[in-house]
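Next up: a single chain in structure tokens, the form predicted on its own.
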């Protein structure tokens, strides 16, 4: 059997130790020979790479850790490529969260105008990366965590031949949340889950084959009344669906905007402070495990999602996992090429979507509108066409008027000029 190598692009991320922990836990089913961490920031790579090497040594795992700033070296002979990059860094994320608030729109890094700006910066970079994968390791499977994951994955699948699967921790988080409500083993929980990345719902739940959605929905209502599940109980009663966390930015938009305006710091500024402290901890030569502070960074279940997916492909498991992939008629209301977030069967050939029922009428319009926005954003990012950029903002349900869209576009284009050469 050939050696198993995984390349992590964006290996200097604070999340990397969590990813490595997952590989170490599952090393019997995923016998890795090499993990190559690649990053353009040599200092971050050195700090994170040092901790990763100590983690591997402490576990006495026969895995070679290599660090590089050369993309070609990282990709050579890779069987899997994990992407977790952030074009513009946290500084760009701060702008993504602050600029929309100036116009009364929620400031969030993947949803609304913030996600739009991030997509414009990120898609050209990810397409360049994908074209290098085509040349250097054409048989590799790309596991994309780079946000906005759905749009980025769609760009790669539409414009390259790379076998890409988009991954997000939200579906796994929902499964664990629902299992917790019923005090059940998450492994026994099956979700009827549908939508797009960061725009998804659960409309059915089975535990060990038994339909338990009525119990789950009652639990969701109770959690909402207690203020734990961040949605209005009346909203849930009206929807008769369980929305993922990111739907709060749509259903409770005005409340979220007011919260953000009153906050002393944006979430990105909080993250910046956490990152600073995490790198200080990572640099400690006595540290050989993931520090508890990483939990405050977000991204719960990130490692589990990534390692489970790679293991399912490598071991040809045929497992059902919720991923981002081309629709291929799984959701009848969307095009064949549209990337959706749905259950899929995972085997050595990749991910295969499982057909679902049509979109419920109460959310069909929202899903189709956001998908139109995603397609326009993708075209704008590739062509540098400002009319398409404006059309994308106008199509987004959170942008209320042409005036707001026009002013948002001017502000985004000016603030991110170094990362948007296609528009200049």
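Residue numbers count along the first chain shown, from 1. All values reported here derive from a predicted model rather than from experimental measurement.
There is another form of the same protein, the form predicted together with a small molecule; it is not shown, and what comes next is about it.
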Is it true that 152, 336 and 374 each have at least one non-hydrogen atom within 4.5 Å of the small molecule in the model of the complex?
no
At 4.5 Å between heavy atoms, is residue 297 in contact with the small molecule in the model of the complex?
yes
Can you tell me whether residue 267 touches the small molecule? I mean in the model of the complex, with a 4.5 angstroms heavy atom cut-off.
yes
Residue 168 within 4.5 Å of the small molecule in the model of the complex, heavy atoms
yes
Is there a heavy atom of residue 308 no more than 4.5 Å from a heavy atom of the small molecule in the model of the complex?
no
Given a 4.5 Å cut-off on heavy atoms, tell me which of 169-177, 183-191, 119-127, 317-325 is the interface stretch with the small molecule in the model of the complex.
169-177
So which of 271, 75, 85, 94 gets a non-hydrogen atom within 4.5 Å of the small molecule in the model of the complex?
271
Only one of 111, 244, 303, 147 has a non-hydrogen atom within 4.5 angstroms of the small molecule in the model of the complex; which is it?
147
